[in-house]
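Quick setup: the structure tokens below cover two forms of a single protein chain, split into structure 1 and structure 2.
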Structure 1
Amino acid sequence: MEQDIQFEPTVGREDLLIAGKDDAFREMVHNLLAFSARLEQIRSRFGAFVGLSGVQYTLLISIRQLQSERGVGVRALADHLAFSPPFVTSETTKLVKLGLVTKTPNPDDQRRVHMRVSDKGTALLSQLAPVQQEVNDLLFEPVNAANYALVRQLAASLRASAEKAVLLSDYLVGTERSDQ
């Protein structure tokens, strides 16, 4: 009987196939997809709590995360979140107008800008902290002392491999698509 194979497998590596089928893999991807949709919903709620859109909230915490001593640039932030630079400019400008973020020119390169979360922005985020605690405690309930290190390591390496996968998919779509 050959009819077992319903679809072409969407993954090739033997490690990720079970009895030659990708059902388990697909279910995993589908769960990750749903998880990621929920993360976005939650970010919208967090934003709403402090009067921001979900994206603005995401930008704010990403600036906080990426800002070094000096600050983070528009391009770096856009790349991180997979937004276009103009979009980052326009949304962060709103955050500046709200007084939550500062933009200062990079003294070494006047083209660049350094964005940082202002004191007011930090205050706003700390006002949100109790809500985040409650929600995050529940959201990451499956993560515990026993698997925390592993999950963190996994998150970091998946992020890295995903960056490579984007480049590969860009290449594949760019080339193979052209001869259609």
Structure 2
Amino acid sequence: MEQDIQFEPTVGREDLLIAGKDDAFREMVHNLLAFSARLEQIRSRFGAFVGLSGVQYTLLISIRQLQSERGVGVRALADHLAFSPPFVTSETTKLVKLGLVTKTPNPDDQRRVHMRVSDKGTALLSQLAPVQQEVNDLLFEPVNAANYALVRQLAASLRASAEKAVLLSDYLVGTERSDQ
């Protein structure tokens, strides 16, 4: 006869437990991890379609999304994607060398630059758009007009809470290690 083994829950908030168990919570986390892994794979495929890495594709399309008349700065782009500014600088320099992005000095601070997608970069993203549309329509098939605002709000809220959770986990892991 198989025994029902009880484990300590991995979450303490009552609203995330069902009958005191975290099984549904763990299932949700694993579904989110699997979704995240698939997003990474799709991003890499989008990049490969236009001859870029997944990260370079993400930077290029994000620059297009964020650029204004003057362009977008490294810090704003890094914050948008949760990347470090040095990493963004390194990767966007590669995009400049490929002729996909232009960098111009920030007139308010010559140490900083404004980036914009070049005509060549815009043409590359336009070439990818039909593929993106088809894949994204399938990827987000469960999202509809009735739940779209909620999904967007949850995604933004989860991102914000994830930032705080990373800091807490760094602190707690650092505390644990220093006690040993």
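Quick note, the numbers are simply positions in structure 1, starting from 1. Predicted, not measured: the structure shown is a model, and the values here were computed from it. Take the two forms, find the largest set of C-alpha atoms that superpose within 1.5 Å, and that set is the rigid core.
Of the two forms shown, the one predicted in complex with the DNA is structure 1, not structure 2. Positional change of Leu100 between structure 1 and structure 2 stays under 2 Å at the C-alpha, relative to the superposed core.
Once both forms are fitted on their rigid core, the CA atom of Asp79 lies 2 Å or more apart between structure 1 and structure 2. Leu16 is not among the residues whose C-alpha shifts by 2 Å or more between structure 1 and structure 2 once the rigid core is aligned; its shift stays under 2 Å. We note a C-alpha movement of 2.6 Å at Ala165 between structure 1 and structure 2, with the rigid core held in register.
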